[in-house]
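Read on for two forms of one protein chain; each stands alone as structure tokens, with the labels structure 1 and structure 2.
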Structure 1
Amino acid sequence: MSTTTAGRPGKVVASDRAKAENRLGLKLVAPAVVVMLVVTAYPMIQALYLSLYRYRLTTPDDKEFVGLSNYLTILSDSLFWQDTVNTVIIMIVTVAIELVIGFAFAMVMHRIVFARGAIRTSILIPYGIITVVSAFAWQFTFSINNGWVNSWFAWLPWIGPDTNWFGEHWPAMFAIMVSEIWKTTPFMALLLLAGLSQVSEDMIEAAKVDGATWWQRLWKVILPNMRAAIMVAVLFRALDAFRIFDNIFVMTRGAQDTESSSFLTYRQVIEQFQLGLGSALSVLLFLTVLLLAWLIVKLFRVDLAQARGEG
């Protein structure tokens, strides 16, 4: 796979040429690395530092070292836990549903012989549309006054013309998750389609000849062979879903306890100018994402290097 390094001088002949190549390589990546670090590493260190202070922008003279007390405040606050639970629920539900629907879409796209361009174009539209716009579209869809959900689904016993989706916790969470699933399923479908096209047709054919049913071929041949693609898709989407912010900001502004971890952090810092407390939240959020990434990689033994042909 990686053929570019073949035939290059090994370490034994650490010639001038190899040294020059090393220097050139470092020079070429330097600008990108600097830009990436300036906006992430420095602010993260700053956040660590600020999180140890009581620091409100409205009363800057009151800045005082408080040690870990910001963390204690947060971890003993039920709002923090409520928001974390919301975020985890949104992440698990949306990724699970996206995986199933995305896989179904990928199967259709894989088999389809006509109108490939049309289907590819339409599946990219939800991916490309900005999240704020998709959130508005779905907010209006579920709107009690102007939405079509209540009239189209009136045949369901629990839906009537005055069903207020944004008036209660679970219906509001449902609407938020629908908007998230709508927008990101196409991305999942595209990744899975790429994985699907790597499963050898011969193997599927052989299984067919051996008398395996469609279901058996799916579970015994297709899915195991696209494990890497599935895991990478799940990892990326899960971490992405954990950062959910735009939809909630637009659709409920956190009303009906639909706030996410990201939203809570934003609110503390930008709306309430609580830089100390907000920074502690930032650090916790960052650590949670790290832990999550580590868990997913360990649990599913995702080999990212292998998945992208590095190994």
Structure 2
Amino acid sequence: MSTTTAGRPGKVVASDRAKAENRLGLKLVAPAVVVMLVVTAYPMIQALYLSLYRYRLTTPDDKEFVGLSNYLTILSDSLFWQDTVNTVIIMIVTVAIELVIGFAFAMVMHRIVFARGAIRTSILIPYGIITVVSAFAWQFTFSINNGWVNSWFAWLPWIGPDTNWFGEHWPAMFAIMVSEIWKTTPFMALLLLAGLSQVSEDMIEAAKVDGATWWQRLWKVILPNMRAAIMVAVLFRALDAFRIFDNIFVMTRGAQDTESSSFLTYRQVIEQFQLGLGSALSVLLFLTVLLLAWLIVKLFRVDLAQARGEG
């Protein structure tokens, strides 16, 4: 987009051509924005409306306006906070581990010079598997009857042939997080690979000429120039991990206090037909996701316009 500088020093004034391009751009995206608002806003408005009622699907005639009572009920319930803590733990642990492993995979895919296609394909295979299928696979893997984890890792002092991974809270949470990490690390690697390819080789070579070690090039050159890509990868995966449902549903069905926030919402709406409470949970989940996205963007302090070279 062309711009011209005029008037007071430092103030950028758009040219007539740039203004015309902006107007054309707004006209082109307006229909898509309207459709997106209708598709995304209507369910949330409907959920917000239902959350203000005591409304059970099995007794629709007893529908009653209760204001914020559903929210007070949820926020004063220890189960809601337990499930929220589970969700936050799963999100933080899985995203942190996926970031490290995903970056290592991205480095391998970026630098490898032989069998590049085969290696990239093999690394990305887990992400192509349906989540429910991978959850069943990991459930069998950790099974006390026919799983291979107990036999393969029996040399560890805390693992034996009779270790029941789904019999206690933390082992069950560990199994769920392993399944999540295995499934979605390739997605993180793919996003980081895109960011890694944007790092200038000239800058890396200049750092080599100046005598920088591999670690110094990584911390001083590569990672700072990948900050936008890392932010996008962490943002996408954090929001995805926060709505975890499939793995828990398949592997434990919420047993041993392994429920997540999404699973609690499912129980209220689908199993107990509590549309009012379920809608209030959905609204709280939506607000939490918005807050989480805002915090991640603020944490990384990335100027996306500058990252795109528009600054």
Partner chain sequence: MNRTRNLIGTWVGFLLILVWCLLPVVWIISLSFKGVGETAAGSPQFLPKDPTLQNYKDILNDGDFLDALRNSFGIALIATFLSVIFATLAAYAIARLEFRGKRLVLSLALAIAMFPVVSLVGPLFDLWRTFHLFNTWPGLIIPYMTFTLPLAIWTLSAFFREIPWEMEQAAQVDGATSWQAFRKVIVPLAAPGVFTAAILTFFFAWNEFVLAISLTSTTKSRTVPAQMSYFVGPDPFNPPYGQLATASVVVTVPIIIIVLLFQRKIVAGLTSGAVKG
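None of the values given here were measured: they were computed from a predicted structure. Just so we're on the same page, residue numbers count up from 1 along structure 1's sequence. Think of the rigid core as the biggest set of C-alphas that the two forms share within 1.5 Å after superposition.
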Choose between structure 1 and structure 2: indicate the form predicted together with the partner chain.
1
On a core-based superposition, does V29 travel 2 Å or more at its Cα between structure 1 and structure 2?
yes
Superposing the larger rigid part on its C-alpha atoms, how much does the smaller part rotate between structure 1 and structure 2? Whole degrees, please.
35
